[in-house]
Structures are given as C-alpha cells and as structure tokens.
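Let's start with one chain on its own, the form predicted on its own, as structure tokens.
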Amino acid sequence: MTDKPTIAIAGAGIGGLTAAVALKKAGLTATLYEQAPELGEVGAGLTITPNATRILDGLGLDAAMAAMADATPHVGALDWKTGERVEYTPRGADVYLKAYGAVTRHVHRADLHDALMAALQPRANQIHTAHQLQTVKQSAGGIELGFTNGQTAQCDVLIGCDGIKSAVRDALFPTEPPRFTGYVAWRAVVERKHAPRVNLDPHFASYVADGKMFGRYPLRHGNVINCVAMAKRDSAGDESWTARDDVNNVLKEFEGWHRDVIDIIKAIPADGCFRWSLHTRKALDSWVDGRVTLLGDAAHPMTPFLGMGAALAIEDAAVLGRCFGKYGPDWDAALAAYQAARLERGNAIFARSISQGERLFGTGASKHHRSPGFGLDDLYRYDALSVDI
C-alpha cells in the first residue's frame, strides 16, 4: 500500500471542491474530473447554515465567507397575498454564535465556488474539465476511469460527487432512474435595482399557499435578490438545473400574490429564469463499494425543503477529509469510517427533507407555516469537525 493513495473526484461542484480542500488539509492531493466544458457555478443562492459555516471556517475560508455576506439578521414567513408577517425570528451573529457557535449566511453559489478554488490553489492538471465519466472498472490493484471524450485515468480511490445523475452511483450501486417528486421550481437571481420597492425585512422570507411557495433573500450585501418559486405538478419535464423557461409562465403561476413577489418575478432577466423539476432517488444502504464512495447528492439527493443540500455535501467532505487524515494510506479503513460516521445522518436528513416538502405543500399549509429554519436546531449543532470517526 502506497504512503498516499491517488484519489480521483468525479464532479467539481461545491461538494467536490470542498472534498478536495479537506483532503488537501489532510495532506492529500485529489484530481478532479468535471463534465462541464468550463469550471464554474451557475447563478443561484445558497443557504450556508451553522453546521456548514463552522466547516468552511475550519478549512480557512472564514475571511472569504465574511466578505460574501454578514450573518443572516432575521428570517420570517409572510402571507402570500397580503405580505403580512405570519412569523418573524430575529437572528444575527450574536444569536447564532450563542446557540450554535457559528452563523448562517446567504451567499452566491459562484462566490463560494470561487472561494473554494482559491483555498485549493489547484496545481497544474489537478482539475480536468470536459471529462464526463462513463465507466468505472475496479480491480485488486486500483480503478480505471473511462470518459466520453475517449480519455482514461487511473486512481486508487474514487469519490463520486457528481450529483443526482451520478455516473459513479449508476455504475456500482443498486439504483434506479431519478423519480419526479411532484414539485417544480423556478429559480433566478435579479438585480436589486430592478426591484427597488421590495421589502427585504425579513432577510430570508417565504410565502406559502396551498400547493405553492415563494422564497427570497438578498445576496452580495443586498445588490441582488435570489428567488425560488415552487408549485406542485402532475408531470415533470426534464430533470435539469439549467433548463430555461419564460418569465411569463412564472407570473401566470403566481398571479394575485403579494406585490413584492410579483415585482421580483417581473425583474427576472429574460434569459435568467431557470425551471427545475425536483427529482430524487431512494436512500442507499451503503455508500462504499470497494475503493469507491459517494458524497453529496450522489449519496443522498436532497430536496430543497430544509435548505440543507449544500450543507450536507460540505459535512460529507469534511468528515471524509478527516478520515483520510486519521487513517492515512489505509483507504479501506478511511472509507469505512466515513460511511460509519455519515450514512445514518445523511439518510435521515434526506428523508426529513421529503417530509418537510409534504408539510409545506399540504392542504392548509399556509395556516401553519413557520419561519425558514424552524425546528432545525439539532441539525445546526452537528459538528463534522469533531464527530467520532
């Protein structure tokens, strides 16, 4: 067994890059293979909850994260038609630090991606774009990866960070095609100057009616607004993060909603409205097959109803990096420890998010709606940097 196993990561999104940074901290260099022709993240907001913030701070991104956004000052639920407060929860740095030891921030996905790249400081040939994974062949001596561009690569360990349509999962794990959840979402980032009347107090606001929901929060210190509109649907359309739609379709869907909701939708650029059919897959009994493991949505494809998808991938990455730091060249022990530490939590939160969606979109949901983050204290207190491995 070599002193340092060669590690490949399929996918260079938030989960893959965080894993690479965590492995770097453990003294290992991972090679990343990304199917997109160019490296980067599409425009969208992310909720970085305390359980993720403490990890990113621990990986040396504390200054970068603080520059992206202040601690979320307040969150609330608003009436979908009148805009009146249904619930309002003051937050801010002091409240978060006292309760969880770390804050929640709302950041632009591309900004976090850039910060992770800066922390990684990738060496030449560490990240390969236009490499869509096609085959994974394991043997006693290692793994051979085959890509649709005809290239091949060798490694000792493979980490699948390639999302809900994971080629790694499909190649080695009991699986099935992604299934439609019954929800469709439209997402966009709009310039604040194009929606100047919108009241951004509370900072993170959700509006809920039976079968529909609209959420919004500012990014980049209030210069842009991230929004997500959701509705129940009988049919899915494509499972895609980047499929565009006509803004008029969203306006029609939310006709009669509060003025702030309508103003934000009207401010969406014509080419900046993305339709996302929410899909998921079954939970797995194991995330490890020989020299291969899964991370993030490849392991537990999260619905967005807890706002924890990115946070769970960041947790996975932190624990995986610690396991390799502890067990060194013994990749078998590292992967076993990673699964033992993460499988139960990942699958439990995966199931909890689905249940949350059913509660949010059920009959009478608007009468019982609570502020975003309500009831998630146990999730926020989890510390991936100290959990037993």
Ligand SMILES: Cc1cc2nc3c(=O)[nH]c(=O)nc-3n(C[C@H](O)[C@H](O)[C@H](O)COP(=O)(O)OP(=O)(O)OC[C@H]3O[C@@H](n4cnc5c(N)ncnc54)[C@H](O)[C@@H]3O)c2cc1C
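Note that residue numbering begins at 1 and tracks the sequence as displayed. Please read these numbers as outputs of a predicted model, since none were measured by experiment.
Below: the form predicted in complex with this ligand, not depicted.
Item to complete: Find out whether any non-hydrogen atom of Val21 is located within 4.5 angstroms of this ligand in the predicted bound form, and reply yes or no.
Response: Contact check for Val21: no, nothing within 4.5 Å of this ligand in the predicted bound form.
Worksheet item: Contact between Gln132 and this ligand in the predicted bound form at 4.5 Å, heavy atoms?
Response: Close contact exists here: in the predicted bound form, Gln132 approaches this ligand to within 4.5 Å, heavy atoms only.
Worksheet item: Can you check whether His258 is within 4.5 Å of this ligand in the predicted bound form, heavy atom basis?
Response: The answer is no: His258 has no heavy atom within 4.5 Å of this ligand.
Practice prompt. Using a 4.5 Å heavy atom cut-off, state whether Thr47 contacts this ligand in the predicted bound form.
Written response: Contact check for Thr47: yes, within 4.5 Å of this ligand in the predicted bound form.
Worksheet item: Looking at Arg169, Arg291, Arg187, Arg216, which has any heavy atom no more than 4.5 Å from this ligand in the predicted bound form?
Response: Partner contact (heavy atom, 4.5 Å) among the options: Arg187.
Worksheet item: Tell me, which of Gly76, Gly211, Pro304, Pro122 has a heavy atom within 4.5 angstroms of this ligand in the predicted bound form?
Response: The option sitting close enough to the partner is Pro304.
Practice prompt. Pick the stretch from 93 to 101, 243 to 251, 270 to 278, 68 to 76 whose residues have a heavy atom within 4.5 Å of this ligand in the predicted bound form.
Written response: Of the stretches listed, the one contacting the partner is 270 to 278.
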